[in-house]
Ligand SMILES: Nc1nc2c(c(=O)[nH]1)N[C@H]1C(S)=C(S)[C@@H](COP(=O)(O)OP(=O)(O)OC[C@H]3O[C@@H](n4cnc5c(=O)[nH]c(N)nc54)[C@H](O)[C@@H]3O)O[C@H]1N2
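Here's a solo chain for you in structure tokens, the form predicted alone.
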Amino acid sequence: MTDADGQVGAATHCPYCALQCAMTVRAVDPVGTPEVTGREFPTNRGGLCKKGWTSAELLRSSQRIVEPMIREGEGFRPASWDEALDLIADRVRAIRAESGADAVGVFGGGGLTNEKAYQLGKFARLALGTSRIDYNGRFCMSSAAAAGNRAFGVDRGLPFPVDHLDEAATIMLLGSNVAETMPPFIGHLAGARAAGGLIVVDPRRSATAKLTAEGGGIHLQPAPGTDLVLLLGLTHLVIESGLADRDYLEHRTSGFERLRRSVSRWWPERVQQHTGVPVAQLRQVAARLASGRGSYILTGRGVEQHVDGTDTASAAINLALVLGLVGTAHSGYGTLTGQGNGQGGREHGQKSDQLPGYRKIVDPDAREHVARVWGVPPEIIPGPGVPAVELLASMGQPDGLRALLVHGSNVVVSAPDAARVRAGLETLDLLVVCDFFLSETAAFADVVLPVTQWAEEEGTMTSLEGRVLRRRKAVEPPAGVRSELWIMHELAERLAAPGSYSTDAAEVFDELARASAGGPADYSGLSHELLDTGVAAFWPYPAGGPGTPRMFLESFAHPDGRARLVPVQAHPRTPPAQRDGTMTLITGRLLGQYQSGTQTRRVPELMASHPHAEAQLHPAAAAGLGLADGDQVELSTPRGTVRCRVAVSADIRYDTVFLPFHFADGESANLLTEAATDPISGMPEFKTTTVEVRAVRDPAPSAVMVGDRG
């Protein structure tokens, strides 16, 4: 495409979050940093956040890995591609022969293109023959996905276009700080803010919560881990106050009477006792959501990353259904996908229990269909594997993983109980990491393979609104770098794998489309060629039919066309005693950082705003511990210790400490979190960890985590 200055550039999308802001990337010269300009698009309207504006700096970074590396002693030596791939294939064959195919695991990422995510699932199951594949989206979207599937029969984060929020008079955001995680999104909140209808639920007075101060919005500040009680109480209030949409419930849902009975014990005064949210606020929110002027309920990781995350997401859906918001033209419910391709990444085969098109791997018809597309007998496709936390925990265990191939993830920083993950990696006979940089996980690898970045490849991504987008090549990658499609093709040939593995993204997408045909996430009517026309491509997009910008207008995806109201129960937790520095830790994001920080911690401008992790404490809590702003503090659990500086702020509850999860080594928040998971979704408990907080009088730095495998 040609920009306003008449220069040719590639129309593509930001490499970071699932808002997938549109941008144009133009190569200035063969070695200089490419130029990025915002592009008009419904999600971002030409705007970008600071991560988007600086995204091209990483393409020419001096820290880039530009040739394969093989471990030698305590470090690495450069290797040819043939040597590296031959070594991997030889070790995989030996491990499979000794311990079986499930001794080899694959860990994927929500930032991979649809093509790479699809082919990775196929490669794992056919070329490696393993059931042991999962991905880091298990840490982000699994609870919301599980809740959406059981309520609606399908999981699409936002079942409506983002710009439909522009007309809303009321938007309730639970556990999502969009002002920092996806700043252009806040433009879609303008109408609700002006109408006094922005409601933010967050234990912190986050940047998003502060937006409620303009226009008379509402900030609910429940105690950490009490979101489920809050939602049950709001649902009870809506029903008992006569605010439920009885006609909608009768004709479009099932299970109302069971739901009504299940929430009856959560009267407002009891909810206030458990959450700390005043009764008057509860009544105000219930009335506002039921006002009939266009209401939306949106959830994020803050209410989902818990051991009861699926039930909490279900409670939010139940509230939306009781109000009659879902599947209507001007209201709705949705969950805000975080990673760039978090939606597409979970649809086409990276999850341990799924096949392409969001099909269940245990469904005989699904297996038969996908096997036909792959050209193999269905019986050679392995059954379901195990979710991410269990997969990582099996390293070093009898009959567990002996080899792991990691694509687009940095588990040493992003996984819970990070010290245990590190110890597990050290037990492996083979660790292969595909990455752009020597991440904290790559530092433990036996083989590191350099792969293409976002602007160096063709492909597709699926945004948080279920819109399939074209990622286009704008610049040439360094000479020694290869696409993961090529890597999978080469390894499959060395392993004499069944099936075919194309290196061409358009061909892989065409196969993905065929494999998804008839599934919940049907892409069969799409192709790179069609997407290049600029069509608004919301899935399901079946062959011969239009896309689906707004889902559920006529029916839900269950056989009877009705949504399911799923009763859930809260088991209120006893908060930690507020003495001797015992507090509740919540983890989250910063404006200038992204995920494990593998990319953003290498951009000087982004690091300048937050060069280190800081623990946010309330002034009274800090004073009680003898701490002032900027002092050193130590946070400890039985799993590990983090040492960092204190940021004193009245924006957080007295009983809570906040720590961002983007940092590594001794500042890694996931040294503290535990590997407890939601029994339905496998989602880890990231948001409510009991920690001991104490002042550090000795300013010596804490021990760091380094790759020391020999």
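These figures come from a predicted structure and were not determined experimentally. Quick note: we count residues from 1 along the sequence shown, nothing fancier.
Keep in mind that the form predicted together with the ligand is missing from the display, and what follows is about it.
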{"property": "Options 238-246, 462-470, 69-77, 134-142; stretch whose heavy atom lies within 4.5 Å of the ligand in the predicted bound form", "result": "134-142"}
{"property": "Within 4.5 Å of the ligand in the predicted bound form, all of 51, 410 and 586 (non-hydrogen atom)", "result": "yes"}
{"property": "Contact label in the predicted bound form: residue 653 to the ligand, heavy atom within 4.5 Å", "result": "no"}
{"property": "Residue 178: touches the ligand in the predicted bound form, heavy atom cutoff 4.5 angstroms", "result": "yes"}
{"property": "In the predicted bound form, residue 661 touching the ligand (heavy atom, 4.5 Å)", "result": "yes"}
{"property": "Contact test in the predicted bound form: residue 12 vs the ligand, heavy atoms, 4.5 Å", "result": "no"}
{"property": "Heavy atom within 4.5 Å of the ligand in the predicted bound form - residue from 497, 101, 419, 591", "result": "591"}
{"property": "Interface residue in the predicted bound form among 122, 351, 156, 306, criterion: non-hydrogen atom within 4.5 angstroms of the ligand", "result": "306"}
{"property": "Residues in 285-303 with any heavy atom within 4.5 Å of the ligand in the predicted bound form", "result": "300, 301, 302, 303"}
